[in-house]
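A single chain, nothing else alongside it, follows as structure tokens in the form predicted alone.
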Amino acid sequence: MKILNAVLGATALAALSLFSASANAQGYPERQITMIVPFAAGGPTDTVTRLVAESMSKDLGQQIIVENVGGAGGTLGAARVANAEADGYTLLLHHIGMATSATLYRKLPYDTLNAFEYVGLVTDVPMTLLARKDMEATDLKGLIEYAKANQDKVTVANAGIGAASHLCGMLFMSAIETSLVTVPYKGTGPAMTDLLGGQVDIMCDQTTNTTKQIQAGTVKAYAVTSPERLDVLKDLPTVREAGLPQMEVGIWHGIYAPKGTPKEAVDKLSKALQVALKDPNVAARFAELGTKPSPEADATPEALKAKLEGEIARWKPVIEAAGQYAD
């Protein structure tokens, strides 16, 4: 009888906890929400996050503050959210690095596919292949020839292992079947500064970080990695047009919550994201940065989960072939 009473008591307690969580989620959100960006302030992902967070705040009726938790290729911020209370008040906005870190880091402190609830996709930012302003090559074909002929000297800057620029640089070297000298920096800003100063030769980074430099003519741009040309950079050919279709890639961004976050809260966040991505101001600012909001069908938990699973499978052989691990 004592055992039966204990079992019944535990069952009742579990049911009460679930009821309480559901009731709380129905009134969600009742206070400020924190959205973690796993990179430094001022970078491309930070810019995207702040635009979306501001618009989502209006729909949710509560402020979403953005907190930057950089380090270890975005895995520190992701781990922070994975270990946070699953109440919907701590979120993560991460880019493609969420998928690539599953291979880059052989000892992650969380299970990439199973440590989070999925909210939805935010945007898919194209990359641009750049070089210092005085680079001898005038087109992508010439740049590839130059890189192959000087592979022990040509330097490729990136914002650190796991950063979008690092991934794009690896994809470039894989596509041209040539290993170049990689130069990691502690962030996008220092990498771009040295490219502008001519201290490094090549860099591949998101349009959210490179468009203004390309328009100003302070760097030499060779191609954009999207399937179509961008309205904001109409004269810049796509990698397919330039003869390197293997370089087609976008730096997609998604929003996550800790595993176990109530479905009611996740659904409200997903709907708020969909509303935000239809915000004319968000669309206009994204356009200035060379990207577009994800369509409503992609701003869903199901679409983000499918994207993450597919991208882990896509990047695993690229990273293993390069042999560049973060641990």
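Whichever C-alpha set is largest while still superposing within 1.5 Å between the two forms counts as the rigid core. Note that residue numbering begins at 1 and tracks the sequence as displayed. Only a predicted model underlies this, so the values are computations on that prediction, with no experimental measurement involved.
A second form of this protein, the form predicted in complex with D-malate (MLT), is not displayed here; the remarks below concern that form.
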D-malate (MLT) in the predicted bound form has a heavy atom of only one listed residue within 4.5 Å, and of L195, M98, A257, A159 that residue is A159
Applying a 4.5 Å heavy atom distance criterion, does S165 contact D-malate (MLT) in the predicted bound form?
-> yes
With the cut-off set at 4.5 Å between non-hydrogen atoms, does G187 touch D-malate (MLT) in the predicted bound form?
-> yes
Can P293 be called a contact residue for D-malate (MLT) in the predicted bound form at 4.5 Å between heavy atoms?
-> no
Evaluate T45 for contact with D-malate (MLT) in the predicted bound form, applying a 4.5 angstroms cut-off between non-hydrogen atoms, and reply yes or no.
-> yes
In contact with D-malate (MLT) in the predicted bound form (heavy atoms, 4.5 Å), from 275-283, 57-65, 36-44, 293-301, is stretch 36-44
Taking the rigid core as reference, does the Cα of A159 move 2 Å or more between this form and the one not shown?
-> yes
Return yes or no for G250: a CA shift of at least 2 Å between this form and the one not shown, with the rigid core superposed?
-> no
